[in-house]
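So this first bit is one chain, no partners, the form predicted on its own, shown in structure tokens.
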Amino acid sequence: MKVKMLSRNPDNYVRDTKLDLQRVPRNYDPTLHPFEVPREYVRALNATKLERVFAKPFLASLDGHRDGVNCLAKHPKNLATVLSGACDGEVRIWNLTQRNCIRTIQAHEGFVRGICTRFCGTSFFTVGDDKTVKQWKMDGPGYGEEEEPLHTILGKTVYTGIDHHWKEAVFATCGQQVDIWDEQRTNPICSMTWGFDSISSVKFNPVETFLLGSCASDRNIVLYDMRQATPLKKVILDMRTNTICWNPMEAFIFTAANEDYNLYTFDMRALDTPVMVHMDHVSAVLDVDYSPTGKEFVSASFDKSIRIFPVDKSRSREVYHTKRMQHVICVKWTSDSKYIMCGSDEMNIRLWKANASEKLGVLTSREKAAKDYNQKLKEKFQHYPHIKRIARHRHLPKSIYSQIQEQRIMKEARRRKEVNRIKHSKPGSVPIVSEKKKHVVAVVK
């Protein structure tokens, strides 16, 4: 049997007398510097501090609406064009580069409940409280022409949401049921329903374009197949879901914004357990939208803030708020993945940077190289306590901060109660339920 042993020569590291200098092992390779790690650590620390110094995410506020902004839509072909619908029935079209309103339409009586653009960008659809679906031209009327819709469909009930197919001349509305419409007809091609409650939002899948998802006020999220004209399956949660958004890169992943302050990312192949529970908001989450990369999403909440979550993390990486911003009702991530828009109660649309400390405009090659180097340094040292604390810290309004503390105490009390109950019960009689499974009531197929 061979035994491997470490053998070292004491002459290499033991001093002859106490007066000698300590012998330090050195690598004489000229490419390796003895202080490389400490130097890089200091650089990473400075880069992290500078990132927080230059984090100025707010860009502009688009004002002009005379009532709260209820819905937003992006132009599919033009980055600068954005559409917004307000609670007084007014629709405005904005130019983001000039930051002004280029067209105003009095579209409906009462709220504009939903707005969506056609996949080619030539027209857009609106639904309102007056039980109508209207199709409008994207370009304004000619000189001397009246502002009139291309088509108007009068329905039997109030429509609460609308979404257009990503490739065909088909759109879906929701209210008492989900209706699929052909653009050329005044009656729906098919109507799908499962349960009897009103449906608040409907969304087409951008990858598998024949799939739809909807959420209803009876706490259901229902998935439909347009080809079979039938519901596929539904998941029932603890509380009501306000809206859902499909991941543009992964066909089977969607995120639901819920009334219980959380967001749930589901894989539609296994609805019994969410892939991730995203917790940070302190009030109901009203809207959610994915980044075009599919790696992150932004959520709007009743707590007067918007948060950016990585898809695979349960905590947000960024929170945006201003003193004037009230309950945020709708949010959109622009198609170039650089900006975020949100519409809120106090009649404003705000434009934010998706990356708070990003420098706008053209970067020189040296700036680009420095930015990439700093990014790599921050990634390398991200788990060091000092750097982690600086990178993670965000200033929060007093109201949100105090609610977070309050919820932390409540959560801790619930956890303590659960532990005590398990401790004083017969082993195995009290099941241990994971955080992910707590909020799902049932899955029906």
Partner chain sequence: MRGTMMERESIKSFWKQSVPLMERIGSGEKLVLADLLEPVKTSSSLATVKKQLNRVKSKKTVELPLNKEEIERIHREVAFNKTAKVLSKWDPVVLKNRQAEQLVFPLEKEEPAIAPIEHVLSGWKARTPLEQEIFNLLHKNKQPVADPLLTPVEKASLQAMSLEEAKMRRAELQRARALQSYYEAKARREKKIKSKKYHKVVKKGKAKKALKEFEQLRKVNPAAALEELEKIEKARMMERMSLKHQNSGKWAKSKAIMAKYDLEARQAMQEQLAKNKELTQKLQVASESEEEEGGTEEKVEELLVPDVVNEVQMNADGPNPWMLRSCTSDTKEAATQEDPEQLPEPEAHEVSESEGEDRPVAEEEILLREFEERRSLRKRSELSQDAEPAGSQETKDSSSQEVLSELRVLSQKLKENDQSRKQKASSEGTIPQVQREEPATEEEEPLLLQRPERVQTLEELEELGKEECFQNKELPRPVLEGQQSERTPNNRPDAPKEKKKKEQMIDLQNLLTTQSPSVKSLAVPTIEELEDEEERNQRQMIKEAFAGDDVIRDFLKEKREAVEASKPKDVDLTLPGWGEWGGVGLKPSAKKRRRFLIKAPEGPPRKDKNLPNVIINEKRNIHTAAHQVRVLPYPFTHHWQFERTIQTPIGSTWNTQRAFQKLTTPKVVTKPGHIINPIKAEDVGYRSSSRSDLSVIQRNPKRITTRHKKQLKKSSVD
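Just so you know, these numbers come straight off a predicted model, no measurement behind them. Positions refer to the first chain, counted from 1. Heads up, when I say rigid core I mean the largest set of C-alphas that superpose within 1.5 Å between the two forms.
Quick note: we don't show the form predicted in complex with the partner chain, though the next part is all about it.
From the list 345-353, 220-228, 301-309, 86-94, the contact stretch for the partner chain in the predicted bound form under a 4.5 Å heavy atom rule is 220-228. Although the partner is absent from this view, residue 36 contacts the partner chain in the predicted bound form, with a non-hydrogen atom inside 4.5 angstroms. Put simply, residue 131 is far from the partner chain in the predicted bound form: not one heavy atom of it is within 4.5 Å. In the predicted bound form, the partner chain stays beyond 4.5 Å of every heavy atom belonging to residue 47. The closest heavy atom approach of residue 395 to the partner chain in the predicted bound form falls outside 4.5 Å. Taking the partner from elsewhere, no residue among 71, 125 and 419 has a non-hydrogen atom within 4.5 angstroms of the partner chain in the predicted bound form. Interface residue among 324, 233, 315, 359, judged by heavy atoms within 4.5 Å of the partner chain in the predicted bound form: 233.
Though the partner chain is absent from this view, in the predicted bound form it lies within 4.5 Å of a heavy atom of just one residue from 102, 120, 150, 79, which is 79. The partner is not shown here, but in the predicted bound form the stretch 333-350 reaches within 4.5 angstroms of the partner chain through a heavy atom at 335, 336, 337, 338. Comparing the forms between the shown form and the other one, the C-alpha position of residue 21 differs by 2 angstroms or more, with the core used for superposition.
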